[in-house]
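Have a look below at one chain only, the form predicted alone, in structure tokens format.
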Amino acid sequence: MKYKKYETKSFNIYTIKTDKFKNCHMEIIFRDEVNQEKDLLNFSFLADLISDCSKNYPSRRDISIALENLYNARFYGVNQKVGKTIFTSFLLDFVNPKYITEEDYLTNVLKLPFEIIMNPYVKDEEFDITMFNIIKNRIRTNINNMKEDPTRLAINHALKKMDETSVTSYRILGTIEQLEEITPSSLYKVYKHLINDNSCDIFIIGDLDMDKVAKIITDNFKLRSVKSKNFELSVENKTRKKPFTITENGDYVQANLIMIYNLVNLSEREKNYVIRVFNFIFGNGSLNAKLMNYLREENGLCYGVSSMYLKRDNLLMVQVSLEKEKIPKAMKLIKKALNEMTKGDFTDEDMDETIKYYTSSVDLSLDNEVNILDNYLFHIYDNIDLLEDIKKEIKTVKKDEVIKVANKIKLNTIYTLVSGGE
């Protein structure tokens, strides 16, 4: 693979040239700092609306026809909260032009996303009300559907209870009340902020003439936004001397237990490598993981249990769905598993299995163009190692490093969403 950067006055283009794939993938990424939860909802609404219509393509059907004429290319908008930053991204998947006989195919397929983004379906500084309401109803349904997913609901509530002022607790979809405050004119103001004030970069991977790609993009993307800014990706969530414990009631078949831990003063190596080895052995690996073994295999407390590493929030979260009366025993066993990790009560075979798993995961990522681009993106934004270097570095993690990390994990919040609706 060959990496190259092209600079313009308003944005950068980062390219990855490789002949491994028949398809190409491009991401147009706008970044902004998250100041309040409704920022996330506004940008999520905007990403959906922009990718579903434009002045020259006034409905999703019109865009779909244009994409079909470009040999079934795909174009869509997504949002992602990364620490204190919101990524509003527009993604394009298309066939490698060498398989297409049309001479202008590359130009036409690359022009389309910029035509849609830069020419929204707007009149008198308001988005078209019909398309606005279609997206609004879709988002309202998604927010309401959260109530039908007790695990997601419990995780969201647990993070809110941990610290409702923390960016970590902010939800991408926000609330119904926040949704009702958005109007076609207020959303257009958000659009102007996106175009004029957000930092923007473009990433593209494929077997392409990247000099030609860069020229097509710069010819068709006349952006006035400021050039790439530095954003703080890491959230420093407060620690507690004594864990905060709270129980809420819900009318669900099972209860949900969430235990949130702070990761205190981890080094970059510990954040990128050592904690991942710890977490695989502790609770995110195979049936041999401690949490799975203690809670499911030995005691039958649940069907599954997960341990999630939230890197940019400096948190570790354990989630388990189970019967209400089994919660005290589950908590005791989770604490037992962590205590064993702090004492080094795991084997060399556990370490070997974990290293093997992660090296295999890197190999799989190297066979996926989106994963390669995503890795390169965070190499630029967060100084993450490239995949080949990750594969080498993970093999160097030692048992004593894992023990040291285990001793930096401190319980913050114990949250239970209790079944039965009492």
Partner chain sequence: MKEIKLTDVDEVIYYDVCDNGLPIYMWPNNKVNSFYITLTAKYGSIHTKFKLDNKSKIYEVPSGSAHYLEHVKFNEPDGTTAHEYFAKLGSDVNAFTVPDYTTYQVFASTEFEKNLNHLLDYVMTSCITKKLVNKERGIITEEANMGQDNPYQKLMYSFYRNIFKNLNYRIETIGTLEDIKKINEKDLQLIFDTFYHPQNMILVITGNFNPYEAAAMVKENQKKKEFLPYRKPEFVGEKEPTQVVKKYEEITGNIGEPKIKVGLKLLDSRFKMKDKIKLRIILRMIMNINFGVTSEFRNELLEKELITSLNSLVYFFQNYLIIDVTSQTKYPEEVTKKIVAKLENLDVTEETISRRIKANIANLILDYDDIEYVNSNIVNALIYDGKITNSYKKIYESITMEDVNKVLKLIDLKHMSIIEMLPNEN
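Numbering follows the first chain given and starts at 1. From a predicted model like this one, the values you see are computed outputs, not experimental measurements.
Form predicted together with the partner chain: not shown, discussed below.
Chemist: Can we say 252, 287 and 353 each have a non-hydrogen atom within 4.5 Å of the partner chain in the predicted bound form?
Modeler: Every residue of the candidate spot has a heavy atom within 4.5 Å of the partner chain in the predicted bound form.
Chemist: Classify residue 366 as contacting or not contacting the partner chain in the predicted bound form by the rule of any non-hydrogen atom within 4.5 angstroms, answering yes or no.
Modeler: Looking in the predicted bound form, residue contacts with the partner chain include residue 366, since a heavy atom lies within 4.5 Å.
Chemist: Might residue 209 be said to contact the partner chain in the predicted bound form, defining contact as any heavy atom within 4.5 Å?
Modeler: No, residue 209 is distant from the partner.
Chemist: Would residue 232 count as touching the partner chain in the predicted bound form under a 4.5 Å heavy atom rule?
Modeler: No, residue 232 is distant from the partner.
Chemist: In the predicted bound form, does residue 328 have a heavy atom within 4.5 Å of the partner chain?
Modeler: No, residue 328 is distant from the partner.
Chemist: Using a 4.5 Å heavy atom cut-off, which stretch among 339-347, 126-134, 259-267, 163-171 contacts the partner chain in the predicted bound form?
Modeler: In the other structure, the partner sits against 126-134.
Chemist: In the predicted bound form, which of the listed residues (194, 182, 315, 301) lies with a heavy atom within 4.5 Å of the partner chain?
Modeler: Checking each option against the partner chain in the predicted bound form, the one that comes within 4.5 Å is 301.
Chemist: Between 370, 65, 386, 380, only one gets a heavy atom within 4.5 angstroms of the partner chain in the predicted bound form; which residue is that?
Modeler: If I apply the 4.5 Å criterion carefully, the residue I get is 65.
Chemist: Can you name the residues of 2-28 that have a heavy atom within 4.5 Å of the partner chain in the predicted bound form?
Modeler: Read in sequence order, the residues that approach the partner chain (within 4.5 Å, in the predicted bound form) are 19, 20, 21, 22, 23.
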